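Take a look at this one chain, the form predicted on its own, written out in structure tokens.
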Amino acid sequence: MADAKHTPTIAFAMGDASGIGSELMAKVLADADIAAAARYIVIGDSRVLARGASIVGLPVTLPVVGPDATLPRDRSVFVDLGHLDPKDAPFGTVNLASGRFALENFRTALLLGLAGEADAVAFTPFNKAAMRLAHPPYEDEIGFTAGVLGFDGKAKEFNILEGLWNARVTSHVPLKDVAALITPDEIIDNLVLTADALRTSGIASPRIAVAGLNPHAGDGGNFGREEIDVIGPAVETAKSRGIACDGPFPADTVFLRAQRGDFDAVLTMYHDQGQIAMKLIGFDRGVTMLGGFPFPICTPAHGTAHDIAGTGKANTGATRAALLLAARMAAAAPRVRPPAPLSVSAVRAPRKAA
């Protein structure tokens, strides 16, 4: 492993304990390329990881420390919070225990990033239904992350597959509300955020395609005027600000152009407009990245796969890609470390008012 001061650190949180997460984690932690890409602070319960490792037949070699131990800065480590007995999280079920487990691990990883002990955060898949059992206000990772970090800026979810990025103007909202939420400012802000994220990932001169909202991008106004009145003018404004973007293009063909190399990213208007295309292209290889926060947050784009949990069949392609992307982006924008290493307990302690 490279010298610690040049090696990015990733806080890697265990996700849903009733899905394939522990199997995925055991496999990627044994991957030599993953081990060489970063130093990892793995957050979870060693009993849950041991269950996954047993299923896939791999040893767990990370040193294990408790939450009160000072975190080493020269090697990877597993921080055992000791907060979940695997028998309380049966495979293939949605349950409160797994929801609490995932939330606490994720919160801890985010606080490590906030404190500067980690340059990026990654996690194995979450189950939102289980997380809502533990925390009913839970809507999605962006809202939860913003709350933990006290962040009030712009943050968005990106889906990435082998160099092709998908950003979106609206995300987890009812389809009936989408048109009203698409404004020139939202489109421009998302184009700026997308271009910045692409540059941080290593794409020096990103090219972004913008999808229309309506069938055939409105067909000259026959099927709606959002392309003429809102999307097109926003694209022209973004161009005038130096962003290499074009559109609006029909959503049913724009990904074909991006796949052949015309664009690095596609900005879609709503969730499924891009998600369906990306998951058809490569469901088990896609990465979700939360951009706009002070550090990158990456996870596989697929879910917890309760139907195959505990069988050892989980494919690591997307988890592996998520960690390598997090490492690459973290190396490009390292966090400022605290003067002295901290413990997880210190990072999670309530902050005193100024």
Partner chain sequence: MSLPPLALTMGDPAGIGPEITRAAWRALRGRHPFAVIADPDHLASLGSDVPVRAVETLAEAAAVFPRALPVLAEPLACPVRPGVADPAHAPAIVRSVERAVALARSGAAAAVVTNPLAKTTLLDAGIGHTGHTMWLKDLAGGGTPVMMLAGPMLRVVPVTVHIPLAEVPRALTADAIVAAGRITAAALAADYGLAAPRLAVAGLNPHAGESGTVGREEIEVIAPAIAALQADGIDATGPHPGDSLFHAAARATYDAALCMYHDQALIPIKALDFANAVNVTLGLPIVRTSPDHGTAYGIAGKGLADPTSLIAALEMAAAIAARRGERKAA
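On a predicted model such as this, the values are computed, not experimentally measured, just so you know. Whichever C-alpha set is largest while still superposing within 1.5 Å between the two forms counts as the rigid core. Positions refer to the first chain, counted from 1.
Another form, the form predicted in complex with its partner chain, is not on view; read the next lines as being about it.
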| item | value |
| --- | --- |
| One stretch from 188-196, 105-113, 119-127, 245-253 that, in the model of the complex, holds residues within 4.5 Å of its partner chain by heavy atom | 245-253 |
| Position in contact with its partner chain when the complex is considered in the model of the complex, options Asn95, Ser76, Thr145, Gln273, heavy atoms within 4.5 Å | Gln273 |
| Listed residue that, although its partner chain is not shown, lies within 4.5 Å of it in the model of the complex (heavy atoms), from Leu81, Ala277, Ala155, Leu71 | Ala277 |
| 4.5 Å heavy atom contact, Lys176 and its partner chain in the model of the complex | yes |
| 4.5 Å heavy atom contact, Asn214 to its partner chain in the model of the complex | yes |
| 4.5 Å heavy atom contact, Phe223 and its partner chain in the model of the complex | yes |
| Any non-hydrogen atom of Arg132 within 4.5 angstroms of its partner chain in the model of the complex | yes |
| In the model of the complex: members of 322-348 within 4.5 Å of its partner chain, any heavy atom | none |
| Shift of Leu175 between the shown form and the other one at or above 2 Å (CA, core fit) | yes |
